[in-house]
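One chain comes next, on its own, written out as structure tokens in the form predicted alone.
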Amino acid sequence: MCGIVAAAARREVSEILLEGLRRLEYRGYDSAGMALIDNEHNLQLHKQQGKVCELEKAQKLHPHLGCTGIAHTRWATHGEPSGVNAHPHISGQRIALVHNGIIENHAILRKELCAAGYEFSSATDTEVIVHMLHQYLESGRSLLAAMQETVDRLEGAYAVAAVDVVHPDQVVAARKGSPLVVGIGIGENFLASDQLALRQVTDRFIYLEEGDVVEISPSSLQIYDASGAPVERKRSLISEAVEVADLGGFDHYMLKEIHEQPRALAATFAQAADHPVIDDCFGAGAAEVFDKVKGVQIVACGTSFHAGMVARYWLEELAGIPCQVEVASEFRYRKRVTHANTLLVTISQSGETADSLAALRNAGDGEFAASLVISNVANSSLVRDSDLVFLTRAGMEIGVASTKAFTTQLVALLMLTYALGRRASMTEKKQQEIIAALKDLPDYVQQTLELNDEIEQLSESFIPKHHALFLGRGIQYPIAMEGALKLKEISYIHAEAYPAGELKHGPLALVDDDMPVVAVAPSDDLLEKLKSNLEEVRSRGGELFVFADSKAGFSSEARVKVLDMPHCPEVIKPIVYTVALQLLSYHVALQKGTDVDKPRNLAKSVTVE
């Protein structure tokens, strides 16, 4: 969830480390720090609570220089956000270490280290790692051997990197359950939790595998597997141009990314035109896998879980294929019964979501016919570990609250529905309707974006509110869930979503004149039932905000505000209506004065359990 950058070079690296941290700011964090070994082999340390710019100010005021160093942005797990709890952590003025992940047996290790005379200055689980490393070094181990013995004692997930003043040109690192990549230079080598952090210095990378330990220096690079044996890992050349994270004239990244959706959706669907058969969009061998699929199991978290819920309606209604959808953090620990020839589908914007990755890796041999990941990041862990891959073309998404990554996931899932459905009960007419709707989708989303001013006016009603209820029926229920999630994520208004038919089974007790109710109301077979549900709200003094198909027959009146949505094909309405709810949450957050792009307590990529 946080970010690591490390360097071993023949040139001064403090600015390289800072630039790496700047490129990782989108991930979410609460403090930042940097440790360098100077020319006199002294450990130099800066740690600051807050943004990377605070670290930059400290570096300008008291410059620390060196050719070997590590840097970090922290998202608090153990211990509150503070300068003391910020990384790097040090031991004996000799070792500095940074860490992503969670060490589950830290309490036991802390007790052992306290008994051995070590004093702890922070409340973090990370500090046990650096003291253990110091303990092994003081007993005569090399930096590499000390790291190998240290990680053998750790339970949980981690990516760690450390420097030692006794080995001033080396950085040693290890990973298990948290991503770490090596950047290869000329006369210099680097480490980072995300290749994006290093694109300013190299385009050559090695993606470390589970249990790997790596030692880098300016002139050497050696990787060891979990057993301690030297190994060679595949080297990847990243030729794609680096996307520039600029606002492009928008006030926030989230707003920019909402408006980028017509292009992103078109680019994602354009992959169908790049292949003579749509199956090939999912990777080599997809056709053979799809031929035998009799069911689908979708596993995801957060917004991606909502995408999976939409796909369940598509797969079962349009393709006639049974589909189960489950939150990854539950799926990975549940004893389950899997039917033969089931396709496991994981959905993750980053491709590094810890629970989804664990769900994939914990799947038993032969439990699933194959695994497919839908992700926005090439070379991510889920992409490397899955049999089949569909890469959405959302482009870089900086805002923590996902927008274009979600809608492009829906396009991918509708394409999967088409690919599987044409083998099952989907008619030729329905196949043609899906393709035509996907082609026209960017235009309908653009029409929705043109409703921005009307949605902004609606948002003013939410300024004094602290709670909101979202309702939907059928395939629009998960879209209501996504709308509620977006509102709570960035405006901090408590929002819940329910199937409209559940209103009388509890939620109606909450409805009063202080509880706005947002309804997703396309013109479909369930429209009349939804109208009855909404009447129940109005009769109890609730204020209704209805996002309705322009042909659905809704009109604004007392305590009912209607936004007429574009009339579009039924199959793509979940995507089109999502965009309107994204704009609503954005404008409410703007009126509330919250941090739209970096909401409190949240991170872009959830790489810990």
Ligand code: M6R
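Residue numbers here begin at 1 and follow the sequence given. Since this is a predicted model, take the numbers as computed values, not measurements.
Unshown form predicted together with the named molecule; subsequent notes refer to it.
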Check: Among 486, 87, 404, 175, which has at least one heavy atom within 4.5 Å of the named molecule in the predicted complex?
Finding: 486
Note to self: Under a 4.5 angstroms heavy atom criterion, identify the one residue in 392, 126, 91, 350 near the named molecule in the predicted complex.
What the structure shows: 350
Check: Does residue 303 make contact with the named molecule in the predicted complex, using a 4.5 Å heavy atom cut-off?
Finding: yes
Next item on the list: Look up in the predicted complex whether residue 343 has a non-hydrogen atom within 4.5 angstroms of the named molecule, and give yes or no.
Entry: no
Item checked: residue 408: touches the named molecule in the predicted complex, heavy atom cutoff 4.5 angstroms -> no
Notebook entry, point to check: Is residue 196 close to the named molecule in the predicted complex, meaning a heavy atom pair under 4.5 Å apart or at it?
Noted result: no
Notebook entry, point to check: Quick one: which of 175-183, 105-113, 455-463, 350-358 gets within 4.5 Å of the named molecule in the predicted complex, going by heavy atoms?
Noted result: 350-358
Notebook entry, point to check: Even though the chain is shown alone, can you say which residues of 363-400 have a heavy atom within 4.5 Å of the named molecule in the predicted complex?
Noted result: 400
